[in-house]
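So this first bit is one chain, no partners, the form predicted alone, shown in structure tokens.
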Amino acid sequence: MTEVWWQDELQKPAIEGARFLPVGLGRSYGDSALLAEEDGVMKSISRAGRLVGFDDETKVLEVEAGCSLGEILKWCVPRGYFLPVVPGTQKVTVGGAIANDIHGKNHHESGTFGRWVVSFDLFRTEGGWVSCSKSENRDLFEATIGGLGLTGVLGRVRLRMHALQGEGLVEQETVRFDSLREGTEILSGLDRRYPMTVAWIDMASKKMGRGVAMGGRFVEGECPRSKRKGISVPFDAPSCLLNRSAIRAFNTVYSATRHPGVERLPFEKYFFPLDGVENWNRLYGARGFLQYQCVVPLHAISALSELQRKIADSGQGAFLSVLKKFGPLSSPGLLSFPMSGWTLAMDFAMEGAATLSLMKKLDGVVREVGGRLYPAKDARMSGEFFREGYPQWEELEKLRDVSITSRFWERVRT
């Protein structure tokens, strides 16, 4: 892997004609950020991550695509602004957020990250730099949002920011539920009262389907900053640490420690709980984990229950499961994942053939109701399933940079 520090490095002859893939901070769980060819070059843009300027009148921030969301928040929160959409980690570049058209807890009110992108500069190996927006090179603008980094290398990006109430303090209401269906009902109710909602679901223990739903909003008040230093997992955990019994025990403890009621907490704790544990993925051991994130239409709640039954029948369990409700706001991106419906994300410790067999069964349930999987989190869905869920993939293929491809793309496009 080589690092790009300055945008003009992309115009060097050594890059032209070579196969490469632009990447950010490497937080994609699947193979969309892995090079398809051994003789190609991974180009990390995370060093080209400077804040360029901010327009107070239009609330538009200009940054280089390698800038992380965490760096933006560090600058903008004290000044009364917040990113309109954030995922579960702030260790993501703006380029990665656009390439995967990330979503957050507020999709029902704000949609995806791509809805807040005003314009960007895109480097293409045939043609050099081009400016893209809804009014200029719109085809490339829409293909790049959710386009998995395949249309070119992002340079400067202009984002519309959200005016922040308070100093980043979040008021959170927690509500318990005893079944998956009850959880969807409570989430729908919280959606009407809170701009941010999410639910944790137990998909491992004997009480599978129970969980807690949380609604949140920014409020006035001083935001406390934790003095506790983050911890780090220094080595791959032994496989016995996350066996099925341990996973079930974790879900039981997690459920018991989530207390109903209202509390106030800093935005870092609310949005990015895992960021406090560096290299947390090592807890899964050397074999790692696979995340299964799907979305099914709103009317297909029964499909969620069927997913639950198949997981229970398999004897496996998800270490961490998160349910959210996507609203009707559409994204400008051709291959954006969210659609109006329910999205369920589950982490499974990799157990080889047994885990892959379970996921294939889950695929069948999701396909039957017209759902799809999230490419940024996938490492194994079939090309047929991908093409069914993303019928505009051929338009992206036509606009793909001639020098760029990925393992994911080569796996699913044929």
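For clarity, every value in this text was computed on a predicted model and none was experimentally measured. Don't overthink the numbering: it's just position in the shown sequence, from 1.
Just so it is clear, the following notes concern the form predicted in complex with a small molecule, a form of the same protein that is not shown.
Checking Gly221, Pro224, Gly88, Gly189 for any heavy atom within 4.5 Å of the small molecule in the model of the complex turns up a single hit: Gly88. Taking a 4.5 Å heavy atom cutoff to the small molecule in the model of the complex, the contact residue among Leu290, Val92, Val175, Leu334 is Val92.
In the model of the complex, the small molecule lies farther than 4.5 Å from every heavy atom of Ala163.
The small molecule in the model of the complex comes within 4.5 Å of a heavy atom belonging to Tyr374. In the model of the complex, no heavy atom of Val262 sits within 4.5 Å of the small molecule.
Within 4.5 Å of some heavy atom of the small molecule in the model of the complex lies at least one heavy atom of Ala33. The stretch that touches the small molecule in the model of the complex, counting heavy atoms within 4.5 Å, is 94-102, out of 311-319, 94-102, 163-171, 180-188.
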